[in-house]
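Okay, here we've got a single chain as structure tokens, the form predicted on its own, with questions on binding and movement later.
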């Protein structure tokens, strides 16, 4: 029985408990390796670190919402999780991260080579799983998403600390690093169920908009968070990440303000009091509120897309999930 006190992703996990168990069993089976024991060691460290399994749940929910009863939605959900895990392993190497989900990263516990190669292995496993569906369109969607993710990571690398980066480029990066896998996860659920084009498009639109609002909210909370949100104020600033609030503030900056942003972001010369000054500039130019409005606008698009699908408990849960993503800034 679902209770109102549960968060939407917790309620979704409860409804999908049987399928999620099947996904987890398939993941454990396919991350095994006869000849390289380091592969399951590294993979298990990340896969079993207590993540929400949000992306595979989107695939399972979309397929069941469309009336599909298996078995290949389980394969596709595991595929999505393998792609996600592979990108996390690679990201931690690129970002030189030391922690993820409160635990030491794989590249810290083992080494960069192991993280990259195990990530490659998981990508290969993902493609093996998706081909087992014998659905060429599914293969096309997920392979396109994998290419978009890689492209987005390279674009983010080239745009890092470049204050001339536009909001359009930011959106491309967000679609690559987050939204591409969200939209693929929901779209393949409709495809494997054999639903008509308008419903598949609605599922894609929902995942795309949900992923974009998800990332914008995450970027906003770095300047607008609190202990309650689990975000440390200013982490992105200290790491010189060019996110939407900063892009908006720089677009309205005068010469002195531009010089400040160039010093702290492009040159990395950050001094005591700079974060407070940055926050003041973000508020002066309404950058935080404008970013909040964009997150809400994308959430509204996701809600509209999902509302076009037949009413069901799963549809309502996906709408609630969308509302929950932006609740922290609503």
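Positions refer to the first chain, counted from 1. Just so we're clear, the structure is a prediction, and the values are computed from it rather than from any experiment.
Another form exists, predicted together with a further copy of the same chain; not displayed. Remarks below refer to it.
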Give a yes or no on whether every one of 90, 123 and 147 sits within 4.5 angstroms of a further copy of the same chain in the predicted complex by heavy atom. yes
I'd like to know whether residue 283 contacts a further copy of the same chain in the predicted complex, with contact meaning heavy atoms within 4.5 angstroms. no
Contact label in the predicted complex: residue 163 to a further copy of the same chain, heavy atom within 4.5 Å: no
Does a further copy of the same chain come within 4.5 Å of any heavy atom of residue 140 in the predicted complex? yes
Contact of residue 117 with a further copy of the same chain in the predicted complex (heavy atom, 4.5 Å): yes
Pick from 216-224, 132-140, 185-193, 201-209: which stretch has a heavy atom within 4.5 Å of a further copy of the same chain in the predicted complex? 132-140
Going by heavy atom distances of 4.5 angstroms or less, which of 197, 157, 259, 251 would be at the interface with a further copy of the same chain in the predicted complex? 157
Using heavy atoms only and a 4.5 Å cut-off, determine which of 52, 38, 263, 277 is in contact with a further copy of the same chain in the predicted complex. 38
